[in-house]
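Next up: a single chain in structure tokens, the form predicted alone.
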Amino acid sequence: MINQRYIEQFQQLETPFYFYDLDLLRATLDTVKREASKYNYVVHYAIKANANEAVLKTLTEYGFGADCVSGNEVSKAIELGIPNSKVAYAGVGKSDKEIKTALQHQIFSFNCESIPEIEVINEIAGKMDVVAPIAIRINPDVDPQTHKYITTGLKDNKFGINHWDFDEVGRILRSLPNIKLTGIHFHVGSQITDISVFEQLSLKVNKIHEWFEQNGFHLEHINVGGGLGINYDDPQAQPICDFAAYFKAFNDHLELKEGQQLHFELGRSLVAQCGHLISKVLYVKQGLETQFLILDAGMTELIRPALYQATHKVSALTSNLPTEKYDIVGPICESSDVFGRKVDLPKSKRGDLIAIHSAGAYGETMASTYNMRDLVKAYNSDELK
């Protein structure tokens, strides 16, 4: 929540910058921990969503594991004090160097996405005289009903192993002495707001799980990834996702064997709503049919609108005048550098502060120096109190 006290402090800071409401983050994490603990579920935080230091330190206080997609993320998780027994490492293109790093840290699991990858991990583990614990990432062919760029579980996506490869995977696993299959892994996509998608996933997991059991592979865990979406249109109406319904969907539909653990990899739903991109109006430009609000923040600070055609709620922080319609744009030399078109905002002028909400996931972590721009600073509610 951005209140007047914060706005007064924002006016003293150089814009643009990210602002994180750590009180909302803690309330979100309290909810996740409470709802997941009802079923003894294990939650890993997807570091790729936001790697801000204050955010990461807050997350580690709650005892969650880490979902990593690079060797550097694995090392960062260990540096933060996350036990190696709670670190999972996914990704379709793990390099030899990254595999060695993860093996040295003796992580919980490699989430493997292809037969060649499994063979390479076996080779490297053999040279290091260790056994690598792996989970097979499986493509369940479930449509997450989300943007095509963040859909990952259909049969034509680059992620995961398809069901017609199971026999070959089983044959190869039995021949590799430095690989131990401990689980199966799924992730069908991101920004999923229809809980029925997770119910469908659960039913697919049950069938796939049965194949492994029937073929002599007794699994210690199942990892169903993440993907739970947030309310970008009206973040204040739902600052915390319905985690109760999310976890209940799996409890009601996914069948675990005795002693098995169910793991989750949540990112956006944990951190998105606590983050805001604070910007300043540089110019108000009147076009032939369009009035442009030109900000000092752009796609270099929040690329989601340009990359995914995503919509973020925008608020005026220092104007309460009657509303006008604006195309809200950034300074980057790209026509795609647009935060919103025909947006109703209080009449604004040069120097007014603007907040772009729900920027806590895939904002700062995807920032760039395109156009030789500086990477901007981040502040949080703890330090501005």
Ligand code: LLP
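Note that residue numbering begins at 1 and tracks the sequence as displayed. Remember, predicted model here, so these are calculated numbers, not experimental data.
The same protein also has a form predicted in complex with this ligand, omitted here; what follows describes it.
- The candidate stretches are 252-260, 187-195, 278-286, 126-134, and the one lying within 4.5 Å of this ligand in the predicted complex by heavy atoms is 187-195.
- In the predicted complex, this ligand lies within 4.5 Å of some heavy atom of Gly226.
- The closest heavy atom approach of Gly267 to this ligand in the predicted complex falls within 4.5 Å.
- Residue contact check for Leu24: none of its heavy atoms lie within 4.5 Å of this ligand in the predicted complex.
- In the predicted complex, Val376 stays away from this ligand, with no heavy atom inside 4.5 Å.
- Remark: all three candidate residues (Lys48, Ala90 and Tyr308) come within 4.5 Å of this ligand in the predicted complex, counting heavy atoms only.
- Think of it this way: in the predicted complex, this ligand has a heavy atom of just one of Lys86, Lys94, His209, Arg304 within 4.5 Å, and the residue is Arg304.
- Although this ligand is not shown here, in the predicted complex the stretch 346-385 places heavy atoms of Tyr362, Met366 within 4.5 Å of it, in sequence order.
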